[in-house]
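Only one chain is given next, in structure tokens, and it is the form predicted on its own.
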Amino acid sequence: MSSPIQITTIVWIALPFLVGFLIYLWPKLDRWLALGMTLVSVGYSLLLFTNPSPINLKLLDNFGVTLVVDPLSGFFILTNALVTAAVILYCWQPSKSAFFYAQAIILHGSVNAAFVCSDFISLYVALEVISIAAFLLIAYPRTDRSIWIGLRYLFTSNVAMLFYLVGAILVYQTHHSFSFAGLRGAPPEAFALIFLGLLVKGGVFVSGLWLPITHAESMSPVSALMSGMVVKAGIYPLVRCALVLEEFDPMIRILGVSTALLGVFYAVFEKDVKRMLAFHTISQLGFVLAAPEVGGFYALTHGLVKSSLFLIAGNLPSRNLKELQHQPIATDLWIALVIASFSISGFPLLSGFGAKVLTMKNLVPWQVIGMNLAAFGTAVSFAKLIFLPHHTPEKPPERGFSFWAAIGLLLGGLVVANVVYYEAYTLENIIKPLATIGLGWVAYFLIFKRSVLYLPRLLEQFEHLIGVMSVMLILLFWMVLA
């Protein structure tokens, strides 16, 4: 017999899709229905933190199709809820169409579903729905450019999911179960194919090179959704597998360090604000994977920070950092930009500090140098935003209540989440991040502020993305055989 919490879980999973349908029936209530759904998800995620034991739901007998909901899921679900709520508030004035809100809530629901799956076939369904909803949001402006970017994302995603589906079938063929635990004992090609699909969906290492153009060229609210939560639908199963199957934990950690370094290397030299933020999404996902046992908290912090940064970037007078160095931005916008940049750099009093300290404490020895380099590169990158000139204009631009409500929700979340790991506030823990940030700022002023290095974009081109998948497939085969 189902318990009340299990029934609540099933209703919560189905509710976003019902709300998406209701938005079409009552378009005048679109914003209110969408915002209400996010509040329901916030409440459900908080319930998970008070529930002492995981919630297990078996959907089909003998096929291993199950859902598992626990505090790890809670961190990802809370991230999804807060990011979606902030985007809805951001779009409140001027309002988007009912179509936009319906797709945003369907995307919200399918991402939630991915965060509770513990089998490969239901996860496949959730990831495919995510791809369709994300494509429709990317292409929302209906310009030639937006449609092309959306189709590029959809094609790359669907090819990756074909690899994934073949791997899932191989797992079932081995154990007659789609459960994540079925990877143990499955043939090496099953691991390689499934992980390739997840690496592409999550934007991990070179498999994530579709991400910079997609996030940079989308509307700012869509970039916030993509970077804040959508890519985490591919990251979450990797974290879960690392926790369930200990033998795969070293591989996940290797991918985490590699991803953190690759993303920050590109970000340090990038001169376009949105592309820099997109490359940092790749890098920060590496931090989530580098220490899977605390990845949920880092995912929450990153989702709040990166969403706020993309929303702020949409209000800057230019995306070009060289132009922004000679074009002061409004002081109120600069303050919000600095708070978010401080958090992602690991500055105390914001949850980015606790997340970085917690991650560094859960690294194995061989990871320490690489992740410290990534943290140093993060400080260098965000010095480019922190030290932008600013002023208070005589007639400040009217950004409206909706913009500040969205930014207030996200930045306020960074302050509140800071109390989760209050044990981080020791003298040793405070000195090290501050030293890293200080060194990063010095390096920025002495070296990187004047440096001009244009990194090749060859591998980001559409015709090369499938080739990159093939290279990653070979690498994954080698890793599992080794």
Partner chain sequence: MLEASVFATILCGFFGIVLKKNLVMKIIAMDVMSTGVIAYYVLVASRDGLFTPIVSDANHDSYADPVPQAVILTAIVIGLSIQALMLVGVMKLSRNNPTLESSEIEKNNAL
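Numbering follows the first chain given and starts at 1. This is a predicted model, so every value here is computed, not measured.
Another form, the form predicted together with its partner chain, is not on view; read the next lines as being about it.
Segments offered: 282-290, 408-416, 147-155, 86-94. Contacting its partner chain in the predicted complex at heavy atom distances within 4.5 Å is 147-155. 132 is the sole member of 358, 333, 132, 324 with a non-hydrogen atom within 4.5 Å of its partner chain in the predicted complex. 170 is the sole member of 206, 170, 251, 363 with a non-hydrogen atom lying within 4.5 angstroms of its partner chain in the predicted complex. Residue contact check for residue 349: none of its heavy atoms lie within 4.5 Å of its partner chain in the predicted complex. Residue contact with its partner chain in the predicted complex: residue 391 places no heavy atom within 4.5 Å of it. In the predicted complex, residue 178 approaches its partner chain with a heavy atom inside 4.5 Å. Put simply, residue 159 is close to its partner chain in the predicted complex: some heavy atom of it is within 4.5 Å. Site residues 165, 217 and 466 are all in contact with its partner chain in the predicted complex, judged by any heavy atom within 4.5 Å.
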